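Next comes just one chain, in structure tokens: the form predicted on its own.
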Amino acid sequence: MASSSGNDDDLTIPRAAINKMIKETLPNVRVANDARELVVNCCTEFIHLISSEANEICNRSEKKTISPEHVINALESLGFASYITEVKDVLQECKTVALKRRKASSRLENLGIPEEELLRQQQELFAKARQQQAELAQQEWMQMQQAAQQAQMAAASASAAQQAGSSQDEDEEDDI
């Protein structure tokens, strides 16, 4: 069932993930690199097999999105029914983690600060940032003005020195 399009590298599980699973599952066992590669390829093929079957089941039920039930039915139809209990446990775990994440993201709502107050604080911070930015721009402009004045003064003194030097040369020529 391998892809013949030549881009199989795009469709594999990251080796680091597989290596981590192997170390966690078999901490005291050394696994050769070619055996690790074989495990990566087997995992990839297994995922392709299950996802293709789940897609077919999804299409037969005239749905557009593969659901966990489609994956469970695919496992059963492919002869992996012994994994279904564990898959359902992992699915429940994933749902619990997702629920915790949603609750964590709603902590802002649970702060007890009204949205209007949060908006006012945000606008205040924006105004302060704009003020600081304007002050920085003013300082930069003043520094540029000072630098320009210093450059003009340096050019004027250099010009004056050059004129003084040339008039002194003229005086010396007159003396000759």
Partner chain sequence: MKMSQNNSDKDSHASGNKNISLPISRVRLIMKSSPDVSSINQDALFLTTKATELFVQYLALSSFNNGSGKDTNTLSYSDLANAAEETETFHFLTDILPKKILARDYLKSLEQMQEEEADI
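Residue numbers count along the first chain shown, from 1. Since the structure is predicted, the reported quantities are computational estimates derived from the model, not experimental observations.
Keep in mind the form predicted together with its partner chain is missing from the figure; the text below concerns it.
Although the partner is absent here, residue 135 sits far enough away that none of its heavy atoms falls within 4.5 Å of its partner chain in the predicted bound form. Taking the partner from the other structure, its partner chain in the predicted bound form has no heavy atom within 4.5 Å of any heavy atom of residue 122.
The closest non-hydrogen atom of residue 26 lies within 4.5 Å of its partner chain in the predicted bound form. Though the partner is left out of this view, residue 158 does not reach within 4.5 Å of its partner chain in the predicted bound form, counting heavy atoms only. Comment: its partner chain is not present in this chain, but in the predicted bound form one of 150, 67, 61, 143 has a heavy atom within 4.5 Å of it, namely 67. Contacts of stretch 63 to 87 with its partner chain in the predicted bound form, defined by any heavy atom lying within 4.5 Å, are made by 64, 65, 66, 67, 68, 71, 72, 75, 78, 79, 80, 83, 86, 87, listed in sequence order.
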